[in-house]
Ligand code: NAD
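In structure tokens, the next block holds one chain alone, the form predicted alone.
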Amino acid sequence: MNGMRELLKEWNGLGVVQGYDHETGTWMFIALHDATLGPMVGGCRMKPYPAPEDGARDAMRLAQGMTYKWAAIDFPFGGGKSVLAIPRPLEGEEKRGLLRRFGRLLESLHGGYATGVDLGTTPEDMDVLAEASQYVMGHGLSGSGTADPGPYTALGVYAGIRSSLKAADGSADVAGKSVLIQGAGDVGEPLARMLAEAGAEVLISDIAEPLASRIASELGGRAIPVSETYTTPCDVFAPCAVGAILNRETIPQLACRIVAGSANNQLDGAEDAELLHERGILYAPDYVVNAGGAIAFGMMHLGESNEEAMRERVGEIENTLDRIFPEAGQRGESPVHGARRVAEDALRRGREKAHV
């Protein structure tokens, strides 16, 4: 774990809580980035990594993204993220045991950080986690068990696609537009159904190719081989799987006009936003366009239970991007700069309020 020292030196967050689960060989990381706006909140990711440091790095990147996500949507939470770097896929009681032990670590922070569903975890996993900790977002607030954030995230991406089309074409209408969804999971599938219902041409790519084929067939769309994900012509490319997929290798291959999807940290590096801009590809900043699940769970956590009110608030992602895109056009810059200014303004106001 010598690499941890270098990671921490380069990071601007508050700190990282680290643990090791001897029963499963899992490294547990809770990255705490910024508490300016409130207690730190972010999902729990579970997946194998090449090395523990890779899991820690992912947690840090994601925690910083959560800081900007909460700030950009003006919610009273700070940025944090947890990663369970498992050595192999876990199932049954072995997985449940890990979640309960991680829950005890989570509980020890006394509410300084709360978590929820993320890549590799499910609402059912959060129910198990809630057996050991009260700091699980969305648990017990939907009537029974833990709510599923996926459909809310998909609704936010749909709103982001509408705004992106408006900025590119002058109309938010998705009918007749082709949208290639990378990842047919908890967000990608409901997004595909919304788009198909609105008349879009839906293209689906997933490493589980039978799943992609089934959903595409149901919706009258097309399944795209994984090897052709980046090169297939489309109006909108919607990354809804893993992050860091927009980089120096993939961006030159893109055959789309717009990128708007739910994956966290889609850009491999800050310079990749400029590469997209140079290619004339409109990029919807990920932490704005994928904030639907965070908005819904944040509202639940704050006491809101009206489904229509939550869906309406998620839909305001379109309004937020409607402000960011024109400013970017006027300045001749990538929209990531405008999104960053929105978030940093919120953090600045939070710091000023704290010093009043």
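Residue indices: 1-based, along the sequence shown. What we label the rigid core is the largest C-alpha set whose atoms superpose within 1.5 Å from one form to the other. Model, not experiment: these values are computed from the prediction.
Omitted here: the form predicted together with the named molecule. The next part is about that form.
Out of the listed residues Ala168, Val242, Ala172, Ala198, Val242 is the one that sits within 4.5 Å of the named molecule in the predicted bound form by at least one heavy atom.
This chain is drawn without the named molecule; in the predicted bound form, the residue among Val187, Leu203, Val236, Ala159 with a heavy atom within 4.5 Å of it is Val187. Every residue in the set Ala208, Leu211 and Ala263 has a non-hydrogen atom no more than 4.5 Å from the named molecule in the predicted bound form. Across the options 71 to 79, 104 to 112, 178 to 186, 130 to 138, residues that bring heavy atoms within 4.5 Å of the named molecule in the predicted bound form belong to 178 to 186. The closest non-hydrogen atom of Thr153 lies within 4.5 Å of the named molecule in the predicted bound form.
Contact annotation: Thr67 falls outside 4.5 Å of the named molecule in the predicted bound form, judged by heavy atom distances. In the predicted bound form, the named molecule lies within 4.5 Å of some heavy atom of Pro149. Shown here without the named molecule, the chain has only Asn290 in 276 to 295 lying with a heavy atom within 4.5 Å of that partner in the predicted bound form. Core-superposed comparison between this form and the one not shown: CA of His301 displaced by less than 2 Å. After superposing the rigid core, the Cα of Arg45 is displaced by 2 Å or more between this form and the one not shown. Annotation: Cα of Leu62 displaced by at least 2 Å between this form and the one not shown, core superposition.
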